[in-house]
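Just one chain follows, in the form predicted on its own, and it is written as structure tokens.
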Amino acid sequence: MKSESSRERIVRRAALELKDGFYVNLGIGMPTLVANYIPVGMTVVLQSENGLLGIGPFPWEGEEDPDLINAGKQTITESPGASYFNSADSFAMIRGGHVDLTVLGGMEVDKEGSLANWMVPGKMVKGMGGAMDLVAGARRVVVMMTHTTKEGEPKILKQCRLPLTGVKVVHRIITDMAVVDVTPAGLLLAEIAPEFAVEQVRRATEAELRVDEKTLKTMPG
């Protein structure tokens, strides 16, 4: 099991991808927690596939509104000026290229930035959701996930084994061990968590990682 501190590190680091004025879609699961870490003074408009523009942080216990939920059916709050619309308009926004950034969870990412995150063969799923539209329509795609499975197997692979969500769509991968950029020359280790060495990250990664010691940074704790 990954510790809560590792999970929080991933979320906090993902929040640094936000830019003032961005329209952002946060995927189901861990990415939704990024809403609680928007830097003070920054204006970010969060969009949800089920038809809400202007999501606020998660509500305090006892203040939940059961009619106000995100695409993952979690109760949420709304920001001042929030608007509601149907799913057709929501997906038109995504497909029209109006989402600056999407932050998604991932099961596998390969060396070319292809993503698998919507199903495991043999397990029942409700549907593919909006991930396929998001990776095709958002201007920037960031995936946040643990670096390995619970069994210690790599999740950054030479080639994805699970059914793909999108081909060559991911720009950046944020894990509990590192930040990895997908570049035309391959995967680049951009940041590394302070308690890990480069060789440890390489051993936990099936795909080849390029390292430039001049540009490699320490991942924020």
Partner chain sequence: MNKVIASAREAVAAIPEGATILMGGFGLCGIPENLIAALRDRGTGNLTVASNNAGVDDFGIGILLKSRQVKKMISTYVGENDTFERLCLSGELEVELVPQGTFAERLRAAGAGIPAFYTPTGVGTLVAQGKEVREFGGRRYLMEQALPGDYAFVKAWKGDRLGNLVYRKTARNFNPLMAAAARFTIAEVEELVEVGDLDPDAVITPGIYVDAIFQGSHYEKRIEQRTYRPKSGPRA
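Numbering follows the first chain given and starts at 1. Here the rigid core means the biggest group of C-alpha atoms that line up within 1.5 Å when the two forms are laid on top of each other. Please read these numbers as outputs of a predicted model, since none were measured by experiment.
What comes next is about the form predicted in complex with its partner chain, which does not appear here.
Proximity of residue 186 to its partner chain in the predicted bound form falls outside the 4.5 Å heavy atom cutoff. The shortest heavy atom separation between residue 95 and its partner chain in the predicted bound form is within 4.5 Å.
In the predicted bound form, its partner chain sits beyond 4.5 Å of every heavy atom of residue 181.
Using a 4.5 Å cutoff between non-hydrogen atoms, residue 76 counts as a contact of its partner chain in the predicted bound form.
For the marked spot (99, 105 and 196), a heavy atom within 4.5 Å of its partner chain in the predicted bound form is absent from each of the three residues. Partner contacts here mean any heavy atom within 4.5 Å of its partner chain in the predicted bound form, and among 44-52, 188-196, 172-180, 152-160 they occur only in 44-52. Interface residues of 133-162, taken as those with a heavy atom within 4.5 Å of its partner chain in the predicted bound form (partner not displayed): 133, 136, in sequence order. After superposition on the rigid core, the Cα of residue 148 moves by less than 2 Å between the shown form and the other one. Annotation: Cα of residue 163 displaced by less than 2 Å between the shown form and the other one, core superposition. Core-superposed comparison between the shown form and the other one: the CA of residue 114 stays below a 2 Å shift.
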